[in-house]
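Listed next as structure tokens is one chain, alone, in the form predicted on its own.
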């Protein structure tokens, strides 16, 4: 039996679930899983539907759903299942290594189309997985030229998502706009605490008892985009800054892995500066 996935985000109104169910039944589709959520503050409705059955006309279903749902409803039917991701790196390898190993053993459910680094340190490692590595140095280029060169490379690959895997450069609003809602960052802090550089030192100096990591969408507000996944681990007075860094790397890897799984399975909706996630 053919499986279908339908994602809907629209203004809330009475009877939406009944309307959607009726339309799917009219198209001989059987709902096998339906998760929905209403954000009462913004009066927004979100649903992720898995259904089975042959779909004679995807276009006809799309048109009917958009006609019967509130205006400007965002409807996606059977989005591309194997997505492409591009990874931006600097020198740290732990998050990249985890993603590439999952890609190698086919547990990522995505194609890593390229890795771009502003240093060449990780080029040999990346090429061992037979993945293209592009070195774009920031040292002899203006910020605009540096970002334009990266953007040109990305446009050639057309990735669904761009992962900042310990990419230690702040991106401009112009760059972010080109890839809106497609750039994912792993931040080595439990946001909103310790935004920006050296969060482990900030945490150490504050004497915190937990440290963590946050995967989030990138926006023009530094480290303040919609959060996808967060995790924490306990620390104590005996931890040095370096101890926190070592422990934090494990959390960063786990958080990025979880965030990618949710994104690649189309379980994440962006709602303003928040996310709705159907796990």
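Quick caveat, the model's predicted, so the values are computed rather than measured. Positions refer to the first chain, counted from 1.
Another form exists, predicted together with a further copy of the same chain; not displayed. Remarks below refer to it.
Only one of 133, 146, 179, 93 lies close to a further copy of the same chain in the predicted bound form, with a heavy atom inside 4.5 Å, and it is 93.
Although the partner is absent here, residue 204 is a contact residue: one of its heavy atoms lies within 4.5 angstroms of a further copy of the same chain in the predicted bound form. Within this chain, residue 227 lines the site of a further copy of the same chain in the predicted bound form, having a heavy atom no more than 4.5 Å away. By the criterion of a heavy atom within 4.5 Å, residue 208 is counted among the residues contacting a further copy of the same chain in the predicted bound form. Contact between residue 125 and a further copy of the same chain in the predicted bound form is found at the 4.5 Å heavy atom cutoff. Only one of 97-105, 150-158, 171-179, 135-143 lies within 4.5 Å of a further copy of the same chain in the predicted bound form by heavy atoms, and it is 97-105. Within 4.5 angstroms of a further copy of the same chain in the predicted bound form, the stretch 244-268 places a non-hydrogen atom from each of 250, 257, taken in sequence order.
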